[in-house]
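The chain below stands alone and is given in C-alpha cells; this is the form predicted on its own.
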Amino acid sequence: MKENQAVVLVKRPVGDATPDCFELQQQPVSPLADGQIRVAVEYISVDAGTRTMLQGEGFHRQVALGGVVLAGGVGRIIESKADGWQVGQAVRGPLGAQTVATLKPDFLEVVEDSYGALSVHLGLLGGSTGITAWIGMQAVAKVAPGDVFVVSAAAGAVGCVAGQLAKRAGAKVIGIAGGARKTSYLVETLGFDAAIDYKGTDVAAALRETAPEGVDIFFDNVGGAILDTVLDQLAMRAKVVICGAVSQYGHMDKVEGPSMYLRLAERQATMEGFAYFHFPELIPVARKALSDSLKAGEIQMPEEILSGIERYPEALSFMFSGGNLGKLMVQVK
C-alpha cells in the first residue's frame, strides 16, 4: 500500500462545517517505525462533537489546519512493528478520517469481529454512542418505574439507546426528533410511548399533552430552545441530564444557555452533566451489558452509512441538518 486518502481541514468553519472546509488529499505511506502499526480503516464515525474540534480551541482536541480530521474508526491491522499487535486483528480507536492509519497503538483496542460488520463497534458498542447512553442512564439518570422520561435527539445514536433503556426500566418514554421518518421509527420500531416532531409540531403543546403531570427525567442531547421548552415542563424533583448540545456546536464561543433555569429552583429539580470518560470503571461494564443485550436481540441501534471516504464532509453536513437515523458512519471503499 503506497498511498493514503485523507480528509484534511483547509479552513476553519464559521457556523456550519460546510464541505468547502475540507479537502481529500492523497498522501504517501511511509515505512513503519518500530512500535507502529498500520490499519486499513473500514468505518469512520461521524459525530456531532467533531464540530467542536474544528475551531482551533475548545474542550476537545483540536484539528490543525492542514491536518487530518480527528475521528474514531474501526478497521484491521495490515502491518505491525508493535509487540502484541497482529496483522488481521480488528481494532477501534482514533484512526482519523482517512483510509489508512499509521500510528502507535497506545489508544487503540482490539475488538471482536464476531458480530458481522465492524460498524457495531462505532454504533451500539461505541464509546460516544451506546456506551455513553448506558452510562448516562445507569450512573446519572437512574430511571425508576413509572417515571416520565423525555429524550432529545431521540433518533440519534445516543438518544435511541437511552430511550430503549428507559423503556426497559419501566418508564413512559417520549422522544423528541425531527421529521416523520424518525418519529415513526421511535414509536413503531423501538417501542417509545410517544414521539414529538420538533420540526412540525409545537413541542411545548405536545409535551403538555403527552406528559400532563410533567417530565420526571429529561436526557438532553440538543440544548438551546429544546432545553428551555422541557425545563418549563418539569415535574417536582425532576432531573435534567446534560449529555450534549448539538444545537450549540456551531457557535461554541457564544453558547445560548437556558433562560428557564429557575424552573430547577421552583420545582426542586436538578441538572447534571456528564461524559462517558468520567466513569472509566463503568466502560467495560457498559460494553458487556450492551453486548449481551445485542446478542439477545433486546436492543438495537439503527445505522446510516455513506459509502466512500470522499463523502465524509457530506456526512458531517448531513448530521447537522438532522438527516440521519441512528449512528452515522462513512464506510471506506
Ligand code: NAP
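Just count from 1 along the sequence shown to find any residue number. Everything quoted here is computed from the prediction, not taken from an experiment.
In what follows, reference is made to the form predicted in complex with this ligand, a form of this protein that is not presented.
- Tell me, which of L124, A162, V230, V222 has a heavy atom within 4.5 angstroms of this ligand in the model of the complex? That would be V222.
- Message: Considering non-hydrogen atoms and a 4.5 Å limit, which listed residue (V173, A153, I217, L95) is close to this ligand in the model of the complex?
- Response: In short, A153.
- Message: Given a 4.5 Å cut-off on heavy atoms, tell me which of 175-183, 207-215, 81-89, 106-114 is the interface stretch with this ligand in the model of the complex.
- Response: In short, 175-183.
- Query: Any chance G322 has a heavy atom within 4.5 Å of this ligand in the model of the complex?
  - Reply: Yes, contact at 4.5 Å.
- Query: Should R76 be counted as a contact of this ligand in the model of the complex, where contact means heavy atoms within 4.5 Å?
  - Reply: No, R76 is distant from the partner.
- Item | Proximity of A245 to this ligand in the model of the complex, heavy atoms at 4.5 Å | Yes - in the model of the complex, heavy atoms of A245 and this ligand come within 4.5 Å of each other.
- Within a 4.5 Å heavy atom cut-off, is R168 in contact with this ligand in the model of the complex? R168: no contact with this ligand in the model of the complex.
- Message: Just to make sure I understand: among 111-132, which residues lie within 4.5 Å of this ligand in the model of the complex, judging by heavy atoms?
- Response: Going through 111-132 in order - heavy atoms within 4.5 Å of this ligand in the model of the complex - the hits are S128, T132.
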